[in-house]
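Quick heads-up: it's one chain on its own, the form predicted on its own, in C-alpha cells.
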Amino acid sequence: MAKILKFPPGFLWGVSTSAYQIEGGIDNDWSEWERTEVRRKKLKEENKNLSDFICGQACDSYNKYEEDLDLVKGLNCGAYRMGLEWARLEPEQGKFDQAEIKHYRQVLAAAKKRNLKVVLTLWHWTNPLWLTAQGGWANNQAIEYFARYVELAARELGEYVDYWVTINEPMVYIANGYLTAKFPPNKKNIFQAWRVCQNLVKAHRAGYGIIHEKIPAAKIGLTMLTNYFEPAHKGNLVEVFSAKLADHCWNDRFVKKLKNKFDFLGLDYYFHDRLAWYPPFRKNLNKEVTDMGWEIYPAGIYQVLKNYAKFKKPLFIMENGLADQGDKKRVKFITGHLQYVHQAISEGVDARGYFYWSLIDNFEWAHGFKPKFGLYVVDRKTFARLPRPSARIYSEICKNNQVRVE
C-alpha cells in the first residue's frame, strides 16, 4: 500500500552540476590530461572511442545557461548547485579575467531572477594549468593561491550566493589522483597524497575565514563522498574493524581535521561497500545495479546521514543519482533514497535538502560521456535538452514537498 511521506517546511529541493562537466571550452589540467599519450594509449587498449573521453564543448552550458536554469525552475526546484571554473577566472597566475567574472555574475543573477537559491562550488577537482605546472595541490603555495581565488569570488559574486561549497569530494581527488592514478595528475605517491590532503584541509579553512570576513552571515561548507561501509559478516571481528577503519579514513577524518570550520556539511551518496576479510575484499550482493555496475542500495543514505549527524551541523544531500540511460530505474532510485532520508529526519537528523545528480547528462570525468545521470538527455551534436520521464516525477516531488512510496 502506497504511503505519502511529507518533508519538513522549507526543505530544499534541487539539482547539481559542476562547471567542467557541463560548460565546455575550458583549458585546465583535466583537458590537458585527456589528450596525453598515456591516456590515449590506455583508451585504445580498452577499444574505446577517444572522442567519447574528450570533454570539449561538454553540454555547451556556458552559452546555454539560461535554458538550463529554466529546466531547473521547470523541475519546481528551489535551489541549483553549480560550479565556478578556477581556470577560467584566473587563466594566468594572479591575473583575473574580467569578462569571465562578468559572465559568472550574469549566470548567478539569472538564477536569482528565477528565485533559485544558489549553492556555489568553488573547487570541483580541476585546476589552472599554471598551478599544475607548480606541482598542483602538492605545492604548499596552493593554499595561498586558492585563498586569493576565494577572495575574488566572495568579493565579486558573493551577493548572489546562498551556500558556499569550498571543496568537493577531497578524498576522491586524493585517492584517484595520487594513489590509483585514475585521475590527473596520474601519480602513485602516498607521501604526496598525504600532503595534498593537508593542503586541501588548510585551503578550506582559509576559504572559510575569507568568506566569513567579507560576508559574516554566509553559509559555508564542503561536500564529502560518503560511502556506507559494513562488514560482510557481522560476527567477523576483522571485517567489523575494517568497516570502522574505512568509515574513519574515508568519511570522517577529513571533516574532523577542519576543526568545526564549516556551517553545514554536504554529502554525496552513491556507494555501499560490504567489506570481507578475503580478496577482492568488497562483497556486495548487487541485486540491482546502475549502468556503471554500481550497486543500488538506498538504505545506505540513512546510515551516512546518521553518521554525519554527530557533527551537529545542518546536512544537505548534495549529490545522489545514477547512470540509467533507459530511465528504467531512476524513479524507484529517487523515491527509495528519499524514503530513507525521510526516516533519518524523523529520527532527528538535521537534513535540510536533497539535490539530484544531475540536471543533464554530462561529461562524467574519466568515464567520459557514456554514463547518463541526467533528468534531461543532451544531444551530443545539437546540445538540445530533452526530458526523461523521471523528470516529471521529480518535479512533482519538489512541487509537493513529499514523496510517494510503495
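All residue numbers are counted from 1 along the displayed sequence. In this text, all values refer to a predicted model and were calculated from it rather than measured experimentally.
The same protein also exists as the form predicted in complex with beta-D-glucopyranose (BGC); that form is not shown, yet it is the one meant from here on.
For this session: Choose from 336 to 344, 362 to 370, 45 to 53, 64 to 72 the stretch whose residues reach within 4.5 Å of beta-D-glucopyranose (BGC) in the predicted bound form, heavy atoms counted.
Result: Only one stretch passes the 4.5 Å heavy-atom test: 362 to 370.
Problem set entry | Sole residue of 160, 145, 311, 270 within 4.5 Å of beta-D-glucopyranose (BGC) in the predicted bound form, by heavy atom | For this set of options, the contacting one is 270.
For this session: Answer with one of 85, 239, 169, 324: the residue that has a non-hydrogen atom within 4.5 Å of beta-D-glucopyranose (BGC) in the predicted bound form.
Result: It is 169.
For this session: Give a yes or no for residue 125: in the predicted bound form, does one of its heavy atoms lie within 4.5 Å of a heavy atom belonging to beta-D-glucopyranose (BGC)?
Result: It does: once beta-D-glucopyranose (BGC) is placed as it appears in the predicted bound form, residue 125 has a heavy atom within 4.5 Å of it.
Problem set entry | 4.5 Å heavy atom contact, residue 262 to beta-D-glucopyranose (BGC) in the predicted bound form | Judged by the heavy-atom cut-off of 4.5 Å, residue 262 is well away from beta-D-glucopyranose (BGC) in the predicted bound form.
For this session: May I ask you to state whether residue 302 is within 4.5 Å of beta-D-glucopyranose (BGC) in the predicted bound form, using heavy atom distances?
Result: Residue-level check for residue 302: no, no contact with beta-D-glucopyranose (BGC).
Exercise. Quick one: does residue 376 come within 4.5 Å of beta-D-glucopyranose (BGC) in the predicted bound form, counting heavy atoms only?
Worked result: No, residue 376 is distant from the partner.
For this session: Taking beta-D-glucopyranose (BGC) as it sits in the predicted bound form, which residues of 307 to 330 have a non-hydrogen atom within 4.5 Å of it? Please list them.
Result: Counting only heavy atoms within 4.5 Å of beta-D-glucopyranose (BGC) in the predicted bound form, the single contacting residue of 307 to 330 is 319.
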